[in-house]
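Read the single chain below, which is given as structure tokens and is the form predicted alone.
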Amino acid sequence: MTTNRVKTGIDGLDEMLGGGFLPQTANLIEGAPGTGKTTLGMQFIYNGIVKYNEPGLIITFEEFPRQYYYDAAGLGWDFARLEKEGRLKIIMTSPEVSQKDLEDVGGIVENLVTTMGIRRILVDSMTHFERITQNQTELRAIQYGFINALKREGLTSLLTKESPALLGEAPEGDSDLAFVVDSYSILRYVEIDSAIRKAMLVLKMRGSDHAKDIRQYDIDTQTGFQLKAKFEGQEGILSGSPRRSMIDAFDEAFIK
């Protein structure tokens, strides 16, 4: 079912998501450094503005707004112009300040939703919330409160999170945030034939069906995040060291 969806505008990804994200949901993208989490998030915001007339907000805990201008310009997206036009806002802050802002009546985010009609938000990245507390139960409560506050504002959010795993599975217990969000996707590096490729998998999507296969993707310097075909004839993709499937090996040895 593709009605009433918040589309990413990225070819192939909306199909994986059953038509797009569900409205007013929190959607987590987790991956190692350099896998393209921020690029995917910026593209979600940019496409929302230019394709679907949905103003966007970027909350960053690690980069100045000018870095987003620079990175976006390299992909042909004029974030500075969109801000001047009142269709985009980029705010550099801290998890503590943003959490407090969403708790207060008449906070910055609430005002932006009212004055600019903000519909989409990128939070880059949720990893920084881990510095607030070492207590995992308390951390999950903080994350839950933050995400619910975004939903109360009527926002569809894309949240990024760093993964310590460059290749292979993340350590057990690393994805507590996955239990809080509505959808959870991972980006991974994969080594195939002595070359590094990138893989994406949608692990969870609450209230909707989604594609279960693992897709290849690239970050194109002209167009951004590009989802490609699924991996064929390979097993163990998420382990970081794929191998040919038994069926593929049998075909190669006895049929072809």
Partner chain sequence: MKGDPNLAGQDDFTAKLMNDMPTELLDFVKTKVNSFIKWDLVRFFYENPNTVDTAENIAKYAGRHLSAVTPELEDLIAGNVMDKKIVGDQVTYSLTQDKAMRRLIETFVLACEDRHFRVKAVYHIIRNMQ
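Residue numbers count along the first chain shown, from 1. All values reported here derive from a predicted model rather than from experimental measurement.
Not pictured, yet referred to below: the form predicted together with its partner chain.
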Residue contact check: residue 231 to its partner chain in the predicted bound form, 4.5 Å heavy atom:
no
Would you classify residue 94 as touching its partner chain in the predicted bound form, given a 4.5 Å non-hydrogen atom cut-off?
yes
Any of the heavy atoms of residue 69 lying within 4.5 Å of its partner chain in the predicted bound form?
yes
Applying a 4.5 Å heavy atom distance criterion, does residue 85 contact its partner chain in the predicted bound form?
no
Quick one: of 101, 153, 182, 124, which gets a non-hydrogen atom within 4.5 angstroms of its partner chain in the predicted bound form?
101
Of 86 to 94, 70 to 78, 136 to 144, 157 to 165, which is the one stretch near its partner chain in the predicted bound form, taking non-hydrogen atoms within 4.5 angstroms as near?
86 to 94
Output the sequence-ordered list of residues from 105 to 136 with at least one heavy atom within 4.5 Å of its partner chain in the predicted bound form.
106, 107, 108, 131
